[in-house]
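In the block that follows, a single chain appears as structure tokens, in the form predicted on its own.
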């Protein structure tokens, strides 16, 4: 009977739970799904990580390459994030070039990298106007069940903390770059931005960490990114119903708490990997 009701009237089915301040999967409105993290998942990458938030699973591999700095920023390297949503992760995605959601996610991650001062891009420069690092961050969703952006930010952060770059010098005689694979050093991470995503039901009820089904039934979606010093790095709200200042502040406060939880998780996993070595 319940399964039939859920299929025939999915929105009413969810409302019957929301009235009782809970959700169909048993969570409270402000409760995130269990989050697990694994780093060094891709042995061929310069840094990698895999994160699971509930059933949503995302992997990130970082490939570092040497290139010429951009002409408008001759003393900076750069980071190129790319989010891939292949058909294998959900039936809602089709084969072919990146869809609108994948492109929007890639742009959002690029904006977070820039606005949060995650890494000092000048430290990726080896010699002004001549040589710098470009970090290609390929983020692929393996299983999609909502809240993609939170998972992408966590997995990128963990992969960057896991990345190690070889020492590079320019030979004065040949003017060529020489990399010492034996001397690798980790990237210096300045900030720890963490995203918290929310869905709005019936223009008023706010839930955190929505599943794919909850996203499809909501009247608005919102992602708030804060850093470890409780500063607001980014707010992403692609349309939908408006939120009052009070409700937005509620979301920011929850995002600040979430940042502390995820920062602890990332540090714990990173430290345990160092100990294992």
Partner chain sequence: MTTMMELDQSYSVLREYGSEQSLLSKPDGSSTFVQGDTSILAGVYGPAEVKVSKEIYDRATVEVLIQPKMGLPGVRERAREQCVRETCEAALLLTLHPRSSVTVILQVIHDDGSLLSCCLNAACMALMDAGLPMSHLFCSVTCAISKEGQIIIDPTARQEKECPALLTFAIDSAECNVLMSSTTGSFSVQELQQCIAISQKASEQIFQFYRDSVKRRYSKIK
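Positions refer to the first chain, counted from 1. These figures come from a predicted structure and were not determined experimentally.
A second form of this protein, the form predicted together with the partner chain, is not displayed here; the remarks below concern that form.
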Discussion item. In the predicted bound form, does every one of 115, 235 and 242 come within 4.5 Å of the partner chain, counting any heavy atom?
Written reply: yes
Discussion item. Is it the case that residue 67, even though its partner is missing from this view, gets within 4.5 Å of the partner chain in the predicted bound form, heavy atoms only?
Written reply: no
Item to complete: Classify residue 215 as contacting or not contacting the partner chain in the predicted bound form by the rule of any non-hydrogen atom within 4.5 angstroms, answering yes or no.
Response: no
Worksheet item: Even though the partner chain is not shown here, does residue 230 get within 4.5 Å of it in the predicted bound form, heavy atoms only?
Response: yes
Worksheet item: So in the predicted bound form, does residue 44 come within 4.5 Å of the partner chain, heavy atom to heavy atom?
Response: no
Practice prompt. Name the residue from 190, 103, 169, 90 that puts a heavy atom within 4.5 Å of the partner chain in the predicted bound form.
Written response: 103
Worksheet, complete the sentence: Students should find that, of 107, 75, 164, 120, the residue having a non-hydrogen atom no more than 4.5 angstroms from the partner chain in the predicted bound form is 107
Practice prompt. Considering the partner chain in the predicted bound form, find the one stretch among 46-54, 205-213, 31-39, 246-254 with heavy atoms no farther than 4.5 Å from it.
Written response: 246-254
